[in-house]
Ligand code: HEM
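One chain comes next, on its own, written as C-alpha cells: the form predicted alone.
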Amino acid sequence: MYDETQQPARGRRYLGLLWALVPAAITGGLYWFGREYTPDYAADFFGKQFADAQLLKAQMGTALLGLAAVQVLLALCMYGVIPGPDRYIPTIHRVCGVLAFALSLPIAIHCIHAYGIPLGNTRVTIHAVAACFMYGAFAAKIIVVRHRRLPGWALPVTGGVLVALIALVWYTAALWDLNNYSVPGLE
C-alpha cells in the first residue's frame, strides 16, 4: 500500500544527496580542468612572473592561512569555548570567510592557469589535489551553514576540514616558497 507520508522524507533524502554531490562535483571539476588544461608557465600574477609571482602568492597564501586561524578563533567564540563579544562575532566570522574566499580565488586561478594539476612531484601533487578538495570543502561549508536540519557536529567538522586543507595547501606551496624551497617531510 502507498504511504503518502514517505514521499516528503524520500524527497528530502534525494535533495540531501544532490547537495552532497555539489562539493564532489566542484572538486572533480577543478581536478579535471587542471589535468586537461595546457599550462602557461609564463602567466603573470598581478604583473609578476615566475619567482616574483610565486612569492606574491606565498604572501597572499599566508594571509589566507591567517584569516583561517581567525575563523577558528571566531568559531570557538561562537560555540562558547572561549569568551568574546557575542554580538559581533557571527558578522565578523562571515566577513572574514568572504575575505578568505575572495583572497584565495586569484591565487587558485593563477595556479591552475600557470601550472594545471601536475602529478609528477609528491609535494606538487599533494598541493594541487588538496587545493581542489579545498574548494569542495568551501562549498560543503556553505551548504552545511544553510541547511539547518543537519546534525550539530556537521558545521564544526566541515569548518575544521576546510581549515586543515587551507593549512595543507599553504604548507605545500607558500611555506615551501618562503622557506627557500624546502618543507619538512616533503623534500
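When you see a residue number, it is the position in the sequence shown, counting from 1. Please read these numbers as outputs of a predicted model, since none were measured by experiment.
FYI, the form predicted in complex with this ligand isn't displayed, but the following is about it.
Engineer: Contact between Gln54 and this ligand in the predicted bound form at 4.5 Å, heavy atoms?
Structural biologist: Contact with this ligand, yes.
Engineer: Any chance Gln71 has a heavy atom within 4.5 Å of this ligand in the predicted bound form?
Structural biologist: No, Gln71 sits far enough from this ligand in the predicted bound form that none of its heavy atoms falls within 4.5 Å.
Engineer: Please determine whether Lys48 contacts this ligand in the predicted bound form, using a 4.5 Å cut-off between heavy atoms.
Structural biologist: It does not: once this ligand is placed as it appears in the predicted bound form, Lys48 has no heavy atom within 4.5 Å of it.
Engineer: Hey, in the predicted bound form, is Val124 touching this ligand, heavy atoms inside 4.5 Å?
Structural biologist: Taking the distances in the predicted bound form, the answer for Val124 is yes, it comes within 4.5 Å of this ligand.
Engineer: For a quick check, can you give me the residues of 122 to 158 that have a heavy atom within 4.5 Å of this ligand in the predicted bound form?
Structural biologist: Residues within 4.5 Å: Arg123, Val124, His127, Ala128, Ala131, Cys132, Met134, Tyr135.
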